[in-house]
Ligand SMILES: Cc1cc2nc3c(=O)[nH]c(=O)nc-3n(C[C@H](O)[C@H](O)[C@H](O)COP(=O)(O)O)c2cc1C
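Encoded as structure tokens, the following chain is the form predicted alone, with no partner shown.
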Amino acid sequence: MADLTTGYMGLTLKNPVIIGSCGLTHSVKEIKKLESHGAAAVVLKSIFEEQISMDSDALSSDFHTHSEEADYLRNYTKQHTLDKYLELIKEVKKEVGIPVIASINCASAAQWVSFGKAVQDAGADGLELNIFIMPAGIKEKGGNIEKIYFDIINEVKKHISIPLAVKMGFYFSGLANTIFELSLRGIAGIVLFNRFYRPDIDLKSEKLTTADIFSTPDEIYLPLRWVGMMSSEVKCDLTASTGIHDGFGVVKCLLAGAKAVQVASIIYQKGAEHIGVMLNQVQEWMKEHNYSSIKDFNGKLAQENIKNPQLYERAQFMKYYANASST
């Protein structure tokens, strides 16, 4: 059997398949099931800064309180939510042997981000900051948004010593530079990319609705491209996320230079048992290509290691169609 061991965020993983932050990682029972079917690590379902704020404000407004009472209710609601999350970490750590990575969905460098220290004390093996600020304001400059990312990282790092990762989106004018600059902030990993809510329009009802919440295999090409281009440039580990639905997708990301992958949609669709299927596919590919361990091929097809590195940067199909017309 080939050795599937890999390293990510300074953690040793028995294989490269991490279950990303989702509803499946919000239950001790589900996490134990994921582990039993081969998951190498789990990222707990994110605790949302914005949701905590909205819940706190809604509760205080419902009771038409004075300012002091409103502050008390907001703080109580916030603390109750955080305490439940810390209890989940403690319970999961008692029941499983795989790394448990906590997740905070941040929108600002607010004071409550110091919660990272409490996450560490509860036993989390690492912390993932799930950061996304929609660049929708026409007066909002890209540099200002990037600064929020840097400020959040700097604030959290003041309070923790466990490995820190950032899960980010791709809405940046200079994406390569942003990924590189993030990697210089002392973080242990970057996850490429977050998958966001996507709006759709129902033509029958003429209403705004939600597009499919699950990823499709075609969505792998975005993280694959950027992992391939950045894996040799950054000063931390990269993990690929979104569109990875089978073991062959895992192999592609590893070849591009990812240290691990995060999956969620396909586990919702096919169950925890599919983790074993994915790992068997990785094993089969490695056997066919005579690789005994992941380190033997990890990053083999990163941009700096291939003969035509510009292939990762190609934006147009001109050459493809030219070749097709000449055959």
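A residue's number is simply how far along the shown sequence it sits, counting from 1. Because the structure is predicted, anything quoted here is derived from the model rather than measured.
Quick note: we don't show the form predicted in complex with the named molecule, though the next part is all about it.
Visitor: With the partner absent here, would Ser21, Lys167 and Phe214 each sit within 4.5 Å of the named molecule in the model of the complex, counting heavy atoms only?
Guide: Yes.
Visitor: Since exactly one of Ile275, Ala260, Ala41, Val263 fits, which has a heavy atom within 4.5 Å of the named molecule in the model of the complex?
Guide: It is Val263.
Visitor: Mark Thr239 yes when one of its heavy atoms lies within 4.5 Å of a heavy atom of the named molecule in the model of the complex, and no otherwise.
Guide: Taking the distances in the model of the complex, the answer for Thr239 is no, it never comes within 4.5 Å of the named molecule.
Visitor: Given that the partner is absent here, does Asn298 sit within 4.5 Å of the named molecule in the model of the complex, heavy atoms only?
Guide: The answer is no: Asn298 has no heavy atom within 4.5 Å of the named molecule.
Visitor: Taking heavy atoms only, is Lys45 within 4.5 angstroms of the named molecule in the model of the complex?
Guide: It does: once the named molecule is placed as it appears in the model of the complex, Lys45 has a heavy atom within 4.5 Å of it.
Visitor: With a cut-off of 4.5 Å between heavy atoms, is Lys252 one of the residues that contacts the named molecule in the model of the complex?
Guide: No, Lys252 is distant from the partner.
Visitor: Taking 4.5 angstroms as the heavy atom distance cut-off, pick the stretch from 192 to 200, 224 to 232, 175 to 183, 150 to 158 that is near the named molecule in the model of the complex.
Guide: That would be stretch 192 to 200.
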